[in-house]
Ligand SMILES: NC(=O)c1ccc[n+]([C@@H]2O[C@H](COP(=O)([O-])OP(=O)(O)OC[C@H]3O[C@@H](n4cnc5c(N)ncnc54)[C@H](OP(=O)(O)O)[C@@H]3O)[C@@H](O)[C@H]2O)c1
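Read the single chain below, which is given as structure tokens and is the form predicted alone.
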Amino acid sequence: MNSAPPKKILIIGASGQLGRLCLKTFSGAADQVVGTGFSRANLDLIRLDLSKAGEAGEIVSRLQPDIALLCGGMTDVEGCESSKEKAFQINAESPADIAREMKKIPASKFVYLSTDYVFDGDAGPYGEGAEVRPLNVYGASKLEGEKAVLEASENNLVVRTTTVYSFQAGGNNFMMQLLKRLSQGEKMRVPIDQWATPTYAPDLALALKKLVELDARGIIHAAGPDFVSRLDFAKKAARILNLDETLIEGLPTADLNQKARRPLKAGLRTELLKQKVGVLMRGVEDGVSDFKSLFAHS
């Protein structure tokens, strides 16, 4: 039986939360896996600044990967609102450059990570075919990136996810912020009216690998199964982590004085993911419990 020839896989944003896990998940087979990094780049990663026009396309042109995954991006929702041009360069224009270069490589695939912030949050959780209507610059820039990637090649894949968390020393995801603040006896303000489907990052990395292996195309949602408010997520996590949940202060989004409008009832439906790959994305209980075991051994 002939095995498939090895492929060159490029993980863009491999120093970030998801990219780091994808680098680990995709490595170990016969394929050659290379990664780029920026803010936390190290000697093993190629330096890439997605905010610089043309830089991403040039690296793809030079490396000629068979598969590229864009795990990096500008995810600071407030920062995107303040720096619209930079947000669109990182989340839309650089991905469009990558897509154009990937199109020149025969039988290549570009996987773009997107968000439930492409929706308005009036009727979540959302399926793949729901109407998109971003409320803020972050969501609008990611939607523009989606369109560019899908228009470039029918081989390409957009994977939307939301509220991604994992144990990452020095990381800034919601769970790491909760752990840091409550461990130090600090209060943490959390919105009571923002709902989503929290996603455990190791599960997402595995789902991405399986989707690539299956040559999935178009748009697929990959997120956790639990549709919960940010407050309930935080309190449940605090109990699992043996932290003082009374330090969590629930407030309406309107009282948080944020620049960017948030989709309140967001989150993603994942029936298509289950149908395609059977990936069991862990819920809050199991995800945070695994997070706790990694923290305990850190």
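For every residue, the number given is its place in the sequence shown, counted from 1. These numbers come from a predicted model, not from an experiment.
The discussion below concerns the form predicted together with the named molecule, not included here.
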{"query": "Residue contact check: residue 72 to the named molecule in the predicted complex, 4.5 Å heavy atom", "finding": "yes"}
{"query": "In the predicted complex, residue 37 touching the named molecule (heavy atom, 4.5 Å)", "finding": "yes"}
{"query": "Partner contact for residue 48 in the predicted complex: the named molecule, 4.5 angstroms, heavy atom", "finding": "yes"}
{"query": "Interface membership of residue 119, the named molecule in the predicted complex, 4.5 Å heavy atom rule", "finding": "no"}
{"query": "Partner-facing stretch of 185-193, 148-156, 127-135, 108-116, counted where any non-hydrogen atom is within 4.5 angstroms of the named molecule in the predicted complex", "finding": "108-116"}
{"query": "Contact assignment for the named molecule in the predicted complex, among 179, 205, 90, 140, heavy atom within 4.5 Å", "finding": "90"}
{"query": "Partner contacts for 160-177, taking the named molecule in the predicted complex and a 4.5 Å heavy atom cut-off", "finding": "161, 162, 163, 164"}
